[in-house]
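A single chain comes next, written as C-alpha cells; it is the form predicted alone.
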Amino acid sequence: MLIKSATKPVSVNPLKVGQPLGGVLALQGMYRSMPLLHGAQGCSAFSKALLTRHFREPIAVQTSALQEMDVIFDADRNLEEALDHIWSKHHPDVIGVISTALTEVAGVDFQSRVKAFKRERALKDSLLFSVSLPDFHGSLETGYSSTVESLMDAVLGLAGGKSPKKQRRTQVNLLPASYLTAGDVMEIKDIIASFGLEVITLPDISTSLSGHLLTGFSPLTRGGTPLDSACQMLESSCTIAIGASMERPARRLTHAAGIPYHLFAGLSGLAASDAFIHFLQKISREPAPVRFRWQRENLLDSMLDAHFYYSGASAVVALEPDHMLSTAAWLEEMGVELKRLITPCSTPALQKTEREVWIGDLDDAEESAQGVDLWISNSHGRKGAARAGASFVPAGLPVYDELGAHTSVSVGYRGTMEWVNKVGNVLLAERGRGG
C-alpha cells in the first residue's frame, strides 16, 4: 500500500464529485422515491443537471431551497415545509433527506427534525430517513454507499428488528457499487438468475435509469426496487456486494438478520468473472450454463487478438476508488503499464491495495500523462488528455459526450470482452495515426 496526496492548496480541474450526488443517485434506484437535498437551490440543480446529462433521463430530486437568512434563523422551517409539500402532494414510498455542506457547516440538527416529522405523521408504510453527506468529505462513491447503508437501516426499522423465521435458499441480495451502469446491473442480475436464483437488488438503477418510454409524468422515480421487495431482503440466503464500498451495507444485513455476504472488488476481467461464476455455482449447486463457457472462450480469443496493441501500452486512470481498482485489475491482465492511478479520496480499500495510488485531481493526471497511450476518466478529462497527447477513453460519471455510456456493459465475460475490444480499438486507431 502506498497512497500519495498532492500538496497543492487548491484542486485544479477537479475529479471529485460531491457526496450528495451519490446519495441522489442511490435513491434513483428505489421505486417511487424522492431525494430531498437540505441545502441551497444550487445544490439540487447541480445534481439534477449532472445526472440528467449522464443518463439522459428525468431525475427525481427536491430541495429545501435554503437562503442565507434561513440558515441563520431557522433552517428547520424550510425542511418541514419541503417534507410537508412532498408528502401531501406526491405520497412517495421513500423520502431520503440528504444534508449538504451548507447545513453541515451551519450545524443544523436536521436529523432530529426528520424523526419528529416521522412521529407526527405516523408514517408506517413509507420510509423517511436522513443521511449526513457533507461535500467536503468523501466523494460520490462514499455518498452512495452511506445512503444505501441508511436506507438499509430504515428497511430494518420498518421490519421492527424481527428476523424472518425461514430464509429462502434460492433468493439472494445484490448490492451494486455506484460505478456500475444500468447495463452492468442488468447483466449481473441476468447472470445470477441464470443459475436459478431469485435476486433482489438494492438500489436497482437498471429498471429506473436504463431508458424507457413510459407515458405520463411523475416527479417520483419510475422503476427501481419496490419497498416491499426491499423488505423481503431479510429472507435471502446470502448477500452479494460488488465493490468494497458496499461492504458496510452488507454487514448491516449480516448483523441484523444473520445473512452472510460475499464481497467482490469488481466483476471486470477474466479472473474476476471466473471467481463470480465459481461462486454462483457453489451457492446454487447448479452447473454454469453453456453460454458462459462460450462467452469465456470469446473473451480469451479477444484478449489474444488484442494483445498486440495492448503490449507495451501505458495508461493513466482517474476514477472513483472502487472503479479505479476494478479498471486497474483488468488492464493489468492485458499487460498495460499503469503510469498513475488517481482517485478523489482515500477509502479503506485503498489502504489494502499493493498499487501506488494518488489522491488528487485531473491536473495531477495531466501532469503524469505525458507520453502515455491511454487516459481513462470521466468526460471532464477529455481536454487534459488532448493536451497530454493521450488517447481518451470516457468512463465513470459523468460521461456526457458519448451516447449509451449509462447502458454499456463492463462486467462478466461479455462486458469484459466489450471493453477489451473498445480500448483495443482506441489503441489500434492511435497506432494507425502513427502514435
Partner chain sequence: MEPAVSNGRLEVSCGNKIPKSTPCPRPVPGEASGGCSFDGAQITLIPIADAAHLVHGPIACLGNSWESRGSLSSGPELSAYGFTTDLGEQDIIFGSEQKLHESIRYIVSRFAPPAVFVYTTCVTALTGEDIEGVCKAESERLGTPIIPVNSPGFVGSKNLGTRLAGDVLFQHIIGSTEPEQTTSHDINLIGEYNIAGEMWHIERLMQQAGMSILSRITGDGRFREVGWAHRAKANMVVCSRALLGLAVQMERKYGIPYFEGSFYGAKETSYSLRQMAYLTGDRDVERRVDKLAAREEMRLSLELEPYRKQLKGKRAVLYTGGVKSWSVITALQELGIKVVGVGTNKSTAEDVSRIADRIGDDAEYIPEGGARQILKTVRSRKADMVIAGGRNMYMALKEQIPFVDINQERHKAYAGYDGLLSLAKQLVHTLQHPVWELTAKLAPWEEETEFAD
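What you are looking at is a predicted structure, and each value in this text was computed from that prediction instead of being measured. Positions refer to the first chain, counted from 1.
Separately, the form predicted together with its partner chain exists; it is not shown, and the next lines address it.
When its partner chain is considered in the predicted bound form, E149 lies well away from it, no heavy atom lying within 4.5 Å. Using a 4.5 angstroms threshold between heavy atoms, Q370 stays clear of its partner chain in the predicted bound form. Using a 4.5 angstroms limit between non-hydrogen atoms, G160 is distant from its partner chain in the predicted bound form. Taking the partner from elsewhere, K422 is found to have every heavy atom lying beyond 4.5 Å of its partner chain in the predicted bound form.
Contact with its partner chain in the predicted bound form, judged as any non-hydrogen atom within 4.5 angstroms, is confined among 85-93, 273-281, 301-309, 196-204 to 85-93. Site residues L21, A45 and E366 are all in contact with its partner chain in the predicted bound form, judged by any heavy atom within 4.5 Å. Taking its partner chain as it sits in the predicted bound form, the stretch 71-85 comes within 4.5 angstroms of it through a non-hydrogen atom at V71, R77, N78, E81, A82, H85.
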